[in-house]
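Just one chain is shown here, as structure tokens, and it is the form predicted on its own.
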Amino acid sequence: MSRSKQIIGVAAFLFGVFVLVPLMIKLTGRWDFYYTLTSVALLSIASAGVWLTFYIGRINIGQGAYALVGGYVSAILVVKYGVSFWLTIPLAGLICGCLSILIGLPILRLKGVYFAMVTLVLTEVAKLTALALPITNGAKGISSIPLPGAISIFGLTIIPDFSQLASTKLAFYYLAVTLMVLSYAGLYRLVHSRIGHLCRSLQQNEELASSIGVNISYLRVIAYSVSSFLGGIAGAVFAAISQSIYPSSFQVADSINFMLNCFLGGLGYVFGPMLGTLVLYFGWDLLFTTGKFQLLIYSSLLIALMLALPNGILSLRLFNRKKAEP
């Protein structure tokens, strides 16, 4: 795809999410869609982190743990220490990134299947830790989290106080979408950088990459820490939206869904997790009318899609103008 077409595509996407979607919601009066799309945006951010670990040839089934940690970090800093919510977003990501380095240094040396098995228990470990620690308030969790305050520069209000708004749905929607755009822009840049190309070599043959001087452990740790950073910021914003965080806010099922979003959208495409999250989220809701058969139909359709499109929805000829790297 030519550079000009890429720019047009990005401009169209930005116009759609920032202008067209709010306009359509206003015309239809379906204000509940703001919460739905905000959730999709945040889930896609966490899924983007999982995609990055797939990019280095590892299966990550523990992203829910970092989303939970990020939510608690933000809630504790805001409620107990009076830190501005806006500062807690990067802090939650950084703490999750540092935590992932401590966890990743030993387990990233394991073979792929063993790494996946270890990450599978991380979400449950984070949940049990939240239940046990006094600072997290145990099973009661942390509630009554204040809404984000205003940000002013030289007396000019850049971001209004959310508590003063008639409705926070639009404000949180713009916040989530902005973070999603920034996250995917950063991910795209990383993947197409020198480090990204080196990371891709790990998918193909780690032994060969190591033999030509690629520092495999270093690249794995970088990718895993960035992945966890994205999970942390998504969890922090989720806590602010719900104004509460509990040990059960993110569970193993959420970690599995983050992984499925990547499979469905396409592991070979940077924006695969975004599309996969959208399809899975709305697909589950659309099947709600089927009642007790919802899970059966949902699972069957998901398996059928993966069999028919092993490289994800973005591998369809409609999208596959040029395969991303990813």
Partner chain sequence: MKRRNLLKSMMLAATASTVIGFSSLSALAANETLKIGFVGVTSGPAAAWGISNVRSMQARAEWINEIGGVKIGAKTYNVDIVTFDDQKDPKRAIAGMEKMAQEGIHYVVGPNVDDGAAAVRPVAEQNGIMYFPYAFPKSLYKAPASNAVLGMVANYQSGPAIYKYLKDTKGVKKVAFVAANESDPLSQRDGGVAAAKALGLEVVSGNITYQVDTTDFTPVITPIIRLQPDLLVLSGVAPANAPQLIRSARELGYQGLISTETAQDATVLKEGAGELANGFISVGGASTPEIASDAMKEFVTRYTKMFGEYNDESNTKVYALEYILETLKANPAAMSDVKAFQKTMDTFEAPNPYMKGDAKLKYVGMTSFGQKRQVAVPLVVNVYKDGKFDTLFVAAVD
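These figures come from a predicted structure and were not determined experimentally. Residue numbers count along the first chain shown, from 1. Here the rigid core means the biggest group of C-alpha atoms that line up within 1.5 Å when the two forms are laid on top of each other.
Quick note: we don't show the form predicted in complex with the partner chain, though the next part is all about it.
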Only one of 77-85, 238-246, 153-161, 90-98 sits within 4.5 Å of the partner chain in the model of the complex by heavy atom distance, namely 238-246
Are any of the heavy atoms in Ala139 no more than 4.5 Å from a heavy atom of the partner chain in the model of the complex?
-> yes
Is Thr168 a contact residue for the partner chain in the model of the complex, using a 4.5 Å heavy atom cut-off?
-> yes
Indicate whether Thr178 is a 4.5 Å heavy atom neighbour of the partner chain in the model of the complex.
-> no
According to a 4.5 angstroms non-hydrogen atom cut-off, is Ala41 in contact with the partner chain in the model of the complex?
-> no
Interface residues of 33-48 toward the partner chain, as seen in the model of the complex [heavy atoms, 4.5 Å] = Phe33, Tyr35, Thr36, Leu37, Leu43
After superposition on the rigid core, does the Cα atom of Tyr35 shift by at least 2 Å between this form and the one not shown?
-> no
Using a rigid core alignment, state whether the CA of Phe271 is displaced by 2 Å or more between this form and the one not shown.
-> no
After superposition on the rigid core, does the Cα atom of Tyr298 shift by at least 2 Å between this form and the one not shown?
-> yes
